[in-house]
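This document opens with one chain alone, in structure tokens, the form predicted alone.
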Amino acid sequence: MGIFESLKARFGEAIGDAREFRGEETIYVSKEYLKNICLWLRDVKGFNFLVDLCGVDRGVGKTDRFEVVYLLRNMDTREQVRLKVRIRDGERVDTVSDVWPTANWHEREVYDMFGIEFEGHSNLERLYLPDDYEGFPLRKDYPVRGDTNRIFYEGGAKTKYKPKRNDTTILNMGPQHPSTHGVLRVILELEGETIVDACPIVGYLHRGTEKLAEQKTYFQVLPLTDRLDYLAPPSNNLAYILAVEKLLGIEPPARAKYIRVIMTELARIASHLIWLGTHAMDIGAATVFLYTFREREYIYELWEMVAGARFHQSYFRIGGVKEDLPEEFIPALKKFVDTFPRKIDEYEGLLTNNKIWRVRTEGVAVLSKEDAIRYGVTGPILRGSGVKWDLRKAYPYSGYEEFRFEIPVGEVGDTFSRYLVRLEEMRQSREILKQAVEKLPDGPIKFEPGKYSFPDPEEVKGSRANIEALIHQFKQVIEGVKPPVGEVYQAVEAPKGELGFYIVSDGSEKPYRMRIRSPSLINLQALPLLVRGHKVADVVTAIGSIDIVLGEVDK
């Protein structure tokens, strides 16, 4: 019996209709029974992981104007199901933050962007925007340029944080603290130097990426994704492109898949190198930074060789990649693959058995396996807590099922475990790159050039230009692609965790709704769990071990 049939048998009329699109099932449920349905799915059916929670504005004038969307996962069976609740403007829906604690920030974000209130939420305040901000930006009747009559908002980011005790001290860390690598503010409640509680405040870099995406064609959205985790742009590009391809029902050629794998595994290594160098420097081991940035520079040169850009490549395309690999790329990549294992050994020689490093990382910022799942963390943090989970294995994409690699896991769930996991992940990425070089297939790099992506430049310029290619070029620039009406969720195993895009298509050339599941944001929500009972200096260690990028946190 499927999930829909099981829900129907258990809850009857509280379960509405079910829809399937591109292999994804969406079930509409009554808001009055939402909490009971969620508890039953968690406790009876094993949906222990809340992947995402977001809102959709169906349009001004609709009777049930808003949808609250819940994506649930059973991590044992790998089943996924999407629940939807439709509500009217002004209606409330029950919180599920007491079912899955990770829903706390999700619901705050929905409240912030749509004005939907969640009954029973313990701290329902804006997540990104200042308290005195007027309006809800992701509503369809809110202008993309905002309120042009009121540019500056008094007060800035605030919080209703209430101390847990009346004999403690409140200390602001940030929002300009160097160890946060961006503008993050953490309110610390202290007893002496011991942390009683912590409250992360985000939103200082919020750029409204999801709102901007509604105003752009599917092609034009791509560069926006570079600016999320700007330390690994190919991973962002891949997650978005795969979501659009899923909407369209197309698949790129084999060679394009392999090239994508090469670029994103280089991104994983580059991201982990930056993490390791800066994390070690924050703790006090400054030398490591010089070693890791040596290899990071080589990777940026490889990217520039392929895409013409070191930082924001925007190299992937709907249906493939922009252009084929240059002749000199594979020899340069082989050189990196051959020499990189010795470089990782050097990093370990500097840190792994260093007494100071061990004291500063072992037993610090421990996250249990159970809390990791409850709080929805993913990536090296989840694996560092002993959960063997990687989307490249669980739901293979871009040909990852053809590669042999291991999923490294930790045992303790502390900062040292996460350090060891990331080191081994770099080794595994190197193995994937080695296999990609050996098995790189020949053939086309685009799915039907001109239909879903721009024609080859040679076909639209000079004496070889032909009218059909020119027409395709014109139509792609003016109209772009128009996926069928439907909705999909697609995620990749990015360096920092599960990066997902939920896209709702209304059949036009622009996304009706584009939701970004940011691993940095969701992982950061677990920070209070990591630092309670530790000293102020350990907050730096904990934040570094999460490995956040504020561009991805704030979107």
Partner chain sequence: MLETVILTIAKIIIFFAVLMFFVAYGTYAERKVAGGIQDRIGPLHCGPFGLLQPLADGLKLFFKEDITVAKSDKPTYYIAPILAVVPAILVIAVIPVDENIMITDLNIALLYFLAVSSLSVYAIMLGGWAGNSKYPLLGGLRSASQFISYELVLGLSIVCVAMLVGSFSLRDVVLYQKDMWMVFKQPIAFICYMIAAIAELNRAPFDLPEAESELVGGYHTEYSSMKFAMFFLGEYANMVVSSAIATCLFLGGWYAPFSILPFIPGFIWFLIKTFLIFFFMLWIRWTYPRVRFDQLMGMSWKVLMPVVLLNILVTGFIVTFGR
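What you are looking at is a predicted structure, and each value in this text was computed from that prediction instead of being measured. Numbering follows the first chain given and starts at 1.
Here the subject shifts to the form predicted together with the partner chain, a form of this protein not shown in this document.
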Q: Quick one: from 373, 274, 364, 432, grab the residue that has a heavy atom within 4.5 Å of the partner chain in the model of the complex.
A: 364
Q. Of 178, 249, 441, 130, which residue is found within 4.5 angstroms of the partner chain in the model of the complex when only non-hydrogen atoms are counted?
A. 178
Q | the partner chain contact in the model of the complex: residue 14, any heavy atom under 4.5 Å | A | no
Q | the partner chain contact at residue 448 in the model of the complex, heavy atom, 4.5 Å | A | no
Q. Does the partner chain get within 4.5 angstroms of any non-hydrogen atom of residue 169 in the model of the complex?
A. yes
Q) Using heavy atoms and a 4.5 Å limit, would one call residue 403 a contact residue for the partner chain in the model of the complex? A) no
Q. With the partner absent here, would 290, 294 and 538 each sit within 4.5 Å of the partner chain in the model of the complex, counting heavy atoms only?
A. yes
**Q.** Candidate stretches 106-114, 277-285, 232-240, 480-488 - the one whose heavy atoms come within 4.5 Å of the partner chain in the model of the complex
**A.** 277-285
Q) In sequence order, which positions of 480-507 have a non-hydrogen atom within 4.5 Å of the partner chain in the model of the complex? A) none
